[in-house]
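First comes one chain, alone, set out as structure tokens in the form predicted on its own.
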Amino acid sequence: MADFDLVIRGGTVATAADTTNCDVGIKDGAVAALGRQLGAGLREIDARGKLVLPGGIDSHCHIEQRSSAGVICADDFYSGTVAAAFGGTTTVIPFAAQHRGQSLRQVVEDYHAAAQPKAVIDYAFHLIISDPTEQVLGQELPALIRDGYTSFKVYMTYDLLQLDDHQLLDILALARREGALVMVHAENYDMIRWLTARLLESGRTAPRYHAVSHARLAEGEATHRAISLAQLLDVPILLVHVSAPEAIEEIRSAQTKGLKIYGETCPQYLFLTAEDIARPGLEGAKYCCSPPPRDQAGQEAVWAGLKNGTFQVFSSDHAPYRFDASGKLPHGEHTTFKAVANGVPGIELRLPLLFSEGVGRGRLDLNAFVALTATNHAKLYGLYPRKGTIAVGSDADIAIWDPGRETIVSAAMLHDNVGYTPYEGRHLHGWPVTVLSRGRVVVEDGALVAGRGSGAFLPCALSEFAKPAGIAVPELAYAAGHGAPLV
């Protein structure tokens, strides 16, 4: 009689903390044993010469989402999760995005209705808060946090999403009371719209001017301001999709002071530059995202931030828009940089890109790769240790990697619904060849073997990362009286 449902034999098993050669025994969807020469499994996978890693967690991706400008993502919850799985990701945390005038509770119900029949891997949801009314802050958001939606994103820019500092303080105060984690898109709205207006007035409408309008200083200033607001209330925040050296320096400085300020970056800031946005004609629109890719020095600053711990997580910020009037180019050949749909695809290539250029080139060790792509995501968003590691009792979410496999990236090989990739032609070393979710094989031999709707929703616990640092702000203590908390 078999001891396990499945045994992965002889691979190099790596977590964020350890690397060892052993078997992995799986039973009832969970890791049941780790050791050499485990008993028999009903099925066995030979992983000799391969790496056995926790399945990736992509905690910043946009799937089946309508933008504030009304543009729908090219990927629904089927194509988006299929693409994620082929890239070694076994859990995604996309956004349930509120637009102004919408009930937050209804938004969540709508996203569940979209995801439940389609997702092939497990998923949770962040919230996007764009309309912090009394109803939202007083009733809906606290109730949703207690129901397992323990993180939410706010914007300091975009015409229909931007919140002012007073609104941000209200949301940060609520997050502190409830133990939730706030994700911040930090760019100075007025800097960007002032530059945009001047550029358009002078006839500079090409995609290259997107990078000019989203100045590095705009990201640096807003990052500093977001940190100051968080410090005032002693509440942790995560700065998302960080690209500029100025912003990286602000985060690092805050961390050095002992503040609970976390950082996230993405593939586009390691592998693309502003020169890509400056490609001829409208071709540069394929590379427009906010913040935009910077220069070579900016890339090196992001690599340094990954190596020195400024960044805790590496996400895709997958924002899939087709290169036509339904997506990137709403006005066809007359689309100005301001009207280009913001975002680039990357959900399938996130892990292979970082593995090839990070681990493969010695910039990151294997344990740091696991931490940045899986473990820290699970810890930040209240999913650890169920997700993000290979340990007895954890879900058997596992990607078996062939570290020697060579791949030339092309849009034709990918499984999203975008039709192009900004990483076309790039040579990569290493690829996930077999992917398991809760012990069931999802991807094998280049084929999908999981059905629509087989993924499960994951309510998130409160995050240990979201606890206040306990660093007093004198003005706040004085205003509260004898140091009593205001929030």
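All figures in this text were calculated on a predicted structure; none of them were measured in a lab. The first residue of the sequence shown is number 1, and the count goes up from there.
The next section is about a form of this same protein that is not shown, the form predicted together with dihydropyrimidine-2,4(1H,3H)-dione (DUC).
Only one segment in the set 250 to 258, 110 to 118, 188 to 196, 316 to 324 has residues whose heavy atoms sit within 4.5 Å of dihydropyrimidine-2,4(1H,3H)-dione (DUC) in the model of the complex; it is 316 to 324. For Arg386, no non-hydrogen atom is located within 4.5 Å of dihydropyrimidine-2,4(1H,3H)-dione (DUC) in the model of the complex, even though that partner is not displayed. In the model of the complex, none of the heavy atoms of Trp303 sits within 4.5 Å of a heavy atom of dihydropyrimidine-2,4(1H,3H)-dione (DUC). Although the partner is absent from this view, His377 stays clear of dihydropyrimidine-2,4(1H,3H)-dione (DUC) in the model of the complex, with no non-hydrogen atom inside 4.5 angstroms.
In the model of the complex, Lys50 stays away from dihydropyrimidine-2,4(1H,3H)-dione (DUC), with no heavy atom inside 4.5 Å. For the options Arg294, Lys153, Arg208, Arg176, the one in contact with dihydropyrimidine-2,4(1H,3H)-dione (DUC) in the model of the complex, meaning a heavy atom within 4.5 Å, is Lys153. The contact residue chosen from Ser213, Thr273, Asn342, Ser79 relative to dihydropyrimidine-2,4(1H,3H)-dione (DUC) in the model of the complex is Asn342, the criterion being a non-hydrogen atom within 4.5 angstroms. For the stretch 28 to 60, the set of residues having any non-hydrogen atom within 4.5 angstroms of dihydropyrimidine-2,4(1H,3H)-dione (DUC) in the model of the complex comprises only His60.
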